[in-house]
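Given as structure tokens, the chain that follows is alone and in the form predicted alone.
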Amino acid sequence: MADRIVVIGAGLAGLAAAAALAERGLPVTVLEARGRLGGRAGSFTDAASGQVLDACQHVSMGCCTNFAHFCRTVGVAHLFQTQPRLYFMTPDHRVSPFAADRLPAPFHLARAFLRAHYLSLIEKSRVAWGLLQLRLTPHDADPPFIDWLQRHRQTSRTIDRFWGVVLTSALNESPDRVGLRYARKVFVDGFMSHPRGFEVSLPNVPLDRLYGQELHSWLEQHAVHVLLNSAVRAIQVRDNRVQGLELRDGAVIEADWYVATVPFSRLLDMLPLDVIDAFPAFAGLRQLETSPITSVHLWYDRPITALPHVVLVDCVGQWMFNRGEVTAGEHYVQVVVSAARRFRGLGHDEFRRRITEELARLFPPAASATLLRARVVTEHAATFSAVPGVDQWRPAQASPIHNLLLAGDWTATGWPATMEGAVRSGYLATEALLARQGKPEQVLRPDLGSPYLYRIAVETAPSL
């Protein structure tokens, strides 16, 4: 009989691990505390309207090869729409589109960058110099990024209008708090290594739809047993092995292997204190910090812009997503405020007022439109903070407990807290489990390769 495997948590990391294990014919049971799949990348029902809303807009990029592979595997890639053009807007209403041309990487965005209205020619030369130096920097160097920027001739204006605009959205953290390693990864992998690396893919359905019929059917076809509303209270450990999982209802589930994919704070609650103290891989989790994201959902009585999305420069928000007319006479937009720590303690009414006033300044139709309703949602521990040296506290997927594997974007993936990082962690946990079974296999997908190889890949498989 094949070894029994239990995956704790049905977020992206858990689902990726379950899918990778099930593809290899291994029996998998997934335990999920909520009544739905998806974890943080999920939706909720708005009580006022009955509409299904995403707590926060989640996006993928062309460089996210493992997330794209997962979506193709479980049959949900068609629920995404790629945006090959980005729109950057400043408070004076001016918009600069960013799209790649036929030049090879890293020059594919050069002409779009030179046309950007919100930086002077001298500022662009400073940024170009910084990007060149960033590409030449060792990938594992991780001093404070703000110090690195200042040493490489960046001014407060280039930091605010270029580096910060990209990083605050990508890392959910402000440039003065992030380390060099993941700032470098965002720019080099996302914008400098491949012509399609920067392209944004957005779900064209609510996030809970991603975890709908296609995914459930795939899991059922591959004999993955999903138990919803099954929260784990404690991981029982004895003699360096997990003996079982105690559920909140008192039941105990036993298996041969366990993959914990819950947030690191929940894992610390589940593990015995003596186990945490005995192993630095667990004790180091206490050093991880989190960063909040706030989303402001707004419904107007008319369209306020024809643009599908806008990257906001020198504004309170970082992104505005235009969801269109969701019901007759209701036009829905969502503004995402990343690294929202500075607004902690601000009431929802005040937060909504600041965002609606900003939209009225940015989009003249919003000034005359009627705001039908609004909702402010804050995820206080949305992501871990990519502070300098954070990798010293991110554990490997092969934990010190022999039959316990770890997954989650907070584990050692080489990526920041993203959907790609979550899927990578699930694939890496699968690799670690297979290695401990004596059946090593590479599961992780390669990074975005040469344009020719990438074109072959997307032409022979459904593209995300």
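Bear in mind the structure is a predicted one, so any value in this text is a computation, not a measurement. Don't overthink the numbering: it's just position in the shown sequence, from 1.
We do not show the form predicted together with a small molecule, though everything after this point is about it.
When contacts are defined as a non-hydrogen atom within 4.5 Å, all of 58, 230 and 262 contact the small molecule in the predicted bound form. A heavy atom within 4.5 Å of the small molecule in the predicted bound form is found for one listed residue only; from 266, 161, 196, 323, this is 266.
Just one of 434, 412, 398, 41 comes within 4.5 Å of the small molecule in the predicted bound form, counting any heavy atom, and that one is 41. The stretch in contact with the small molecule in the predicted bound form, judged by heavy atoms within 4.5 Å, is 380 to 388, chosen from 364 to 372, 178 to 186, 380 to 388, 125 to 133. Proximity of residue 405 to the small molecule in the predicted bound form falls outside the 4.5 Å heavy atom cutoff.
Though the partner is left out of this view, residue 293 does reach within 4.5 Å of the small molecule in the predicted bound form, counting heavy atoms only.
With a 4.5 Å cutoff on heavy atoms, residue 422 counts as touching the small molecule in the predicted bound form. Contact annotation for residue 10: at least one heavy atom lies within 4.5 Å of the small molecule in the predicted bound form.
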